[in-house]
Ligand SMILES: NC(=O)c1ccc[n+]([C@@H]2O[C@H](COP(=O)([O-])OP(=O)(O)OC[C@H]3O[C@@H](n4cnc5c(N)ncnc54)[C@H](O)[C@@H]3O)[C@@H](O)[C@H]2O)c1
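Just one chain follows, in the form predicted on its own, and it is written as structure tokens.
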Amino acid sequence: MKVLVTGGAGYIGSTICSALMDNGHTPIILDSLVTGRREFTRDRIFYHADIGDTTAVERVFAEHPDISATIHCAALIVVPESVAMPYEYYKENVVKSLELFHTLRRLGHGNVVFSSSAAMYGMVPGFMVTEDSPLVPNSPYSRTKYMMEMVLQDFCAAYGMHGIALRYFNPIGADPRMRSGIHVKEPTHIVGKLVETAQGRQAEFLITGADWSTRDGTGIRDYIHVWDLARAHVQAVEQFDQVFQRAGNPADNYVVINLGTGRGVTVREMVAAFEKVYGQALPKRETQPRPGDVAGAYANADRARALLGWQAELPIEQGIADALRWGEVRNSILKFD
């Protein structure tokens, strides 16, 4: 099976491509390399182009008319940056996705697996959210994901497309075979920052917010190994039609699925787990929340089991260990200026 992966040169997209290949499929990568890495496209079919470039997307399908589905990962994803740069986020994430979905519809390739986000969920008692929990996106980033879902859902209802929105929780780790991992020079996510601190590239780890209404005052998240996340995408494209059948063939041709472990982990608990795997304590300090931060949430993952036959398998300790290994080899794989 051939699968178009937009943003396939990024952290998550490249890992999805590896999982597709490991399961006998052929990923077709479309990436502008604004944030993705050319190194992650080596020995893979790669189109260096923007998702909003209609001509480029048409060329991909002209040369690969047997593409079965599109996995749409391409997006800007940093919450504080989105607060400071809302124009760029709405243009890159919403406007260009609108054009991509329109082109896919026009070309008759309307099967889409969309990389969405749990960041759009509002606060709920106990912090565990289902796919039907209230959506209260509170940053430009999360609002772009919310808008992209609305666009895709409307396209599916109006034009006969079919969309599966996979709402990610918090990916950690790296490809277990070290083909890819966190690729930005200065990571913004928790495990990336912990690795930076452990390896001396950051003086101390900042606990951003210690007064949330959680069990220890720090934010709570659902940390899912990026390889588990990638496996879910493989199962989504392999079982695309069956997912809709199992969901009762919804009239709008649209299904939402949470991808998480079903377990909440606070920042303090993650730091303690990291220090245990790493074997020593890290310098750390409490500070104020970053713009756009929230107390957090974790997934009810029942629907993923029911519709995809999928559940997370790798513990956070494996994610930490793989992130540390990637931190050791990253500079030999990626070339930074």
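Please read all numbers here as calculations on a predicted model, not as lab measurements. One rule holds for the numbers: they count along the sequence shown, beginning at 1.
The same protein also has a form predicted together with the ligand, omitted here; what follows describes it.
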Does at least one non-hydrogen atom of S116 fall within 4.5 angstroms of the ligand in the predicted complex?
yes
Using 4.5 Å between non-hydrogen atoms, is V243 touching the ligand in the predicted complex?
no
Taking 4.5 angstroms as the cut-off for heavy atoms, does Y223 touch the ligand in the predicted complex?
no
Within a 4.5 Å heavy atom cut-off, is H189 in contact with the ligand in the predicted complex?
yes
Choose from 292-300, 35-43, 279-287, 306-314 the stretch whose residues reach within 4.5 Å of the ligand in the predicted complex, heavy atoms counted.
35-43
Taking D31, K145 and H183 together, does each of them reach the ligand in the predicted complex with some heavy atom inside 4.5 Å?
yes
Only hit among F205, F155, Y168, F127 for heavy atom within 4.5 Å of the ligand in the predicted complex is Y168
Heavy atom within 4.5 Å of the ligand in the predicted complex: which of K96, R231, H162, H109 fits that? Just give me the one.
K96
Of 10-26, which residues get within 4.5 Å of the ligand in the predicted complex if you count heavy atoms?
G10, Y11, I12, G13
